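Heads up, what comes next is one protein chain in two forms, each shown on its own as structure tokens, labelled structure 1 and structure 2.
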Structure 1
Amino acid sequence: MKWKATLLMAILVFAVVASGCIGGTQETKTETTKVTLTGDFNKDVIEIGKILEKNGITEVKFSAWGSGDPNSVMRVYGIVDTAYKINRIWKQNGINVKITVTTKYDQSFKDQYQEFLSKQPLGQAGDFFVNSYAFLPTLAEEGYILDITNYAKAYQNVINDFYPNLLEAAKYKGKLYGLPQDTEARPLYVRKDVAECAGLDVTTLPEKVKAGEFTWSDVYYWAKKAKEKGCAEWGLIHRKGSAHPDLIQFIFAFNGKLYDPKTGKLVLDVPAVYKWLYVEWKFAQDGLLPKDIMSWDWAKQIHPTIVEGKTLFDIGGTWYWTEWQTKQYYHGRPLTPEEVKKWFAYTLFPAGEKGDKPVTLSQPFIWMINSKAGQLNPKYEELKDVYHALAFLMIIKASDPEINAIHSVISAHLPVRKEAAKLIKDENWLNKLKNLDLDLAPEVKDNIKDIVEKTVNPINAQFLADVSYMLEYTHLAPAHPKYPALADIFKEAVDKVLRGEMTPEEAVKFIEEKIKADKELADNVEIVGEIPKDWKFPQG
């Protein structure tokens, strides 16, 4: 019996090997697999379509991952709309290829980044990934995202239309790894009725701040006055949690720096950090800023305190403007656009002291392309360059001024292109957006209909137009893989200073010790300057 079984096994093995060989002799004819971009979008798309068709590809599958507040869905629908438009070009030119896009939209951009990080090596992450530029250095360093420097050369005219400092946020070690998708400014909001009660004239405030005449000493003076006169419970409210990015504006406002481009290292600018912590400490010690603000609840404490007029100043973000109109922070209901306009003035983040400059800070989101983009499609290895070029063209199209402007208006983020900035000031275009009378994929129109209805109005468009100038004053946190670790230490120090557990001097020493205790961080951070002696706050 044994020999029969052996024979059977041998035949089986032979059959498997033979079938493999027979399959292997079938030659799959591979046509051109390289593409050279010309800068003419239609021409390039048609060229790619033809290459795909010749190689027997009829469907290209991509997935787009995006995240953020509920109004920022264009971060994925921008890609969906692009696919629709490319499909239309191919159809008009008789090319039988179609792009299909699946989307994944999450609330937390940090969680999605962590998911991308863990799934990219397994080939399970999205082909398009839009997320904070803060993570770009790590993703680029690990080879998880595509270097698009060469592709971009052909589209220099589009690239030139982006604000240059935002474009810098999409670069790492001189190479371009994505295109800016949106950005924002972080204004200092001033409650108009509280200001009036305290005697502060808000009409001239933005200009005074711009000129560097109204500094943080003035913020302190008016905050104290508002509290003493009983106009408000607090003088200042700011964010909780990570000190990045709202609070590090203080470092720039005190003329400090966080990064040294010459050495490529992060910088702990001791004088600027000391002054930042001193301001926080002074506000908290004098009861103008809650000592436990870093553990306040966003929805139940921070936003209600601001919209109910319990504070004179608030360090916030432009997105607060529409967030207050969609979330029920004001006695259980959202504010109307008219109320937001009536109650809030906004300025740049004031200069630290006379002689310094006002600032704001942006955290641009970037369209990034997975370095394995398109890998689930047929003939990936041969056609890798074609799939990647197509993915690049898709983010170029998704950066169209119209798409960018729609996103800005409905989510209160700032446009990243000059052309988009022009559009949001155009009343005709806004009316078209209100009626969704724009050339968009039907799926996209269906999905943004409700958001458009609630947010597209002249007040919000005017707000965006008004704050756009702040981008000229913007700073970016350094694009460095070790920056998140440093920001974590800042957060801890601010919390300890606010609670009165440490003096500003002790907190600076604490930050230094924490940096030195982490060997890798110590290698990546330069500690510069000393605690200024006899520095006083407030001044003047």
Structure 2
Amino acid sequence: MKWKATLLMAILVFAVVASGCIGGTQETKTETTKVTLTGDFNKDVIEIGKILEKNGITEVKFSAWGSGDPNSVMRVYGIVDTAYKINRIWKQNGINVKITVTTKYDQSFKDQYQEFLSKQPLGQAGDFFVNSYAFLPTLAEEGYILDITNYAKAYQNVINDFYPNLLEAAKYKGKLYGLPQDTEARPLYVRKDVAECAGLDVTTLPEKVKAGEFTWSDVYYWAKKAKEKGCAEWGLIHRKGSAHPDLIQFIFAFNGKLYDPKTGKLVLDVPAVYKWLYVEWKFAQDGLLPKDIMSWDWAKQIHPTIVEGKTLFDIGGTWYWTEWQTKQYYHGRPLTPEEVKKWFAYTLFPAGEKGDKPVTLSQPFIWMINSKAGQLNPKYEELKDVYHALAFLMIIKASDPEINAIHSVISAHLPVRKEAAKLIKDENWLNKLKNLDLDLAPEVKDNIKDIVEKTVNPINAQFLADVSYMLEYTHLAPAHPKYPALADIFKEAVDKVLRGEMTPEEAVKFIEEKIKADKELADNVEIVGEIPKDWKFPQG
């Protein structure tokens, strides 16, 4: 019987070897794990699809995280649309692989950044992350986002179509860590009917601001007059939360700086910061700006106060223009494009005082790729480069001029590519967008149709054309890992002067002490200048 047992064992061993099964698990040999991009999108996508298929992968799961105003949903649906188009290419070429994308869209870009920061090390953050360029240095420094420099070399023709200054915002220490998704300007909005009541001529205002003839002293003068005449409840409304990036325009408007490129350090420009805080303090103490504005609710207080004509001036963003057309801020309903045009004028952020220049500020959002992108998919370690190359191709496709132009029109952000800028001026294309007669994923069409219906209008396209010149005056907040910490201190100081808890002088000292108390921050911030003596506001 012993020979029978030996024969049976041999048969079993042979069967196991012949079937390739060990321990009951099908052994699949990993095929090519590297991919070299050629710059031909279809060819590269097909090559990657074939590699995945040969390795037994039939589904690739990705997640896209985006955030911001309610109309900026293309920040996640751009990725969804890309998956749809890649899936179609694979299907047409007989490749049995499919990408599925889950989305997460939050209102607060800062909160989502903190979530990404905490969950990335745990492998729980989104594969795609579109957020402010201001956070890119920290994410790159921590190794949390993918360096796409080498991938991008094959797509230089696409890269060259981005506006160069915006592309710089996607770099850190000379390496490319993402692609620009949008940008914007931050106009000073002026309510026309309130201005007429106060006697302010808004028709010549943009040119006067550009010439530096209308400064923040003039803003104060007219805000005070509007309130005294009973034309509006407030003279000025501005954003809340972090002082980055809207309110730091005051620093640039008072000819200050925030960063020293020679030393690579942040700068606390004491004279400019003092003047900023003094303006805030003066407006609040004179009842022209709510003392508790930094804690106001966006939907219930800030936007309704603006669109209902309760203020003469508002410091906002270009995206307000269409957000007012889709959200029910005006007595429980959105404004029409005609109403927005009728009621609001817009201009650059005025110079701080005579001799200074008007400014605006942009905060480009960037498509970034998690350095662990695709990690929840099979054979991640062996196929990591393939998943990463696929993720790169997805942000290339999500940056198509048409996707970028759609985002610009429906959210009133400015295009980041020259070809997208051409599209928003094309009336024929706008009509196609209005009817959603474009090659988009059905899921994307379903999710943007209500926004498209309310915002695709020649009035809005004209607005984008009108404000594009502001980019010539734009500034960027420093792309420095410690800048968010400094911005938070600015926010505290602004809140305290608005509430009257500190004078502007005390608030500047408060900022200096907070910086010095944080050794790491102190090592990264230069404190320059002194509080100006005998400086007065308003002037003239």
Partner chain sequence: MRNEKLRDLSFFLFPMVFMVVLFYIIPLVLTVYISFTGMRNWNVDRYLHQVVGFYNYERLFHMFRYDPTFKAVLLTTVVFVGITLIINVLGGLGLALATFFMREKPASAFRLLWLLPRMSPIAVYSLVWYYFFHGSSIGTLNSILMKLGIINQPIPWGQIIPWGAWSVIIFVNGLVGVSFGMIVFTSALNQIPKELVIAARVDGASAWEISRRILLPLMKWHFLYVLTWQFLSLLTTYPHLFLLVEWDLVDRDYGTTLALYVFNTAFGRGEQDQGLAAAAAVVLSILGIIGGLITLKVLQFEKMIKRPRGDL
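Please read these numbers as outputs of a predicted model, since none were measured by experiment. FYI, numbering is relative to structure 1, first residue = 1.
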Self-check item: Structure that is the form predicted alone (1 or 2)
Solution: 2
Quiz item: Just checking, between structure 1 and structure 2 are residue 500 and residue 376 in a single rigid part?
Solution: no
Quiz item: Rounded to the nearest whole degree, what rotation separates the positions of the smaller rigid part between structure 1 and structure 2?
Solution: 15
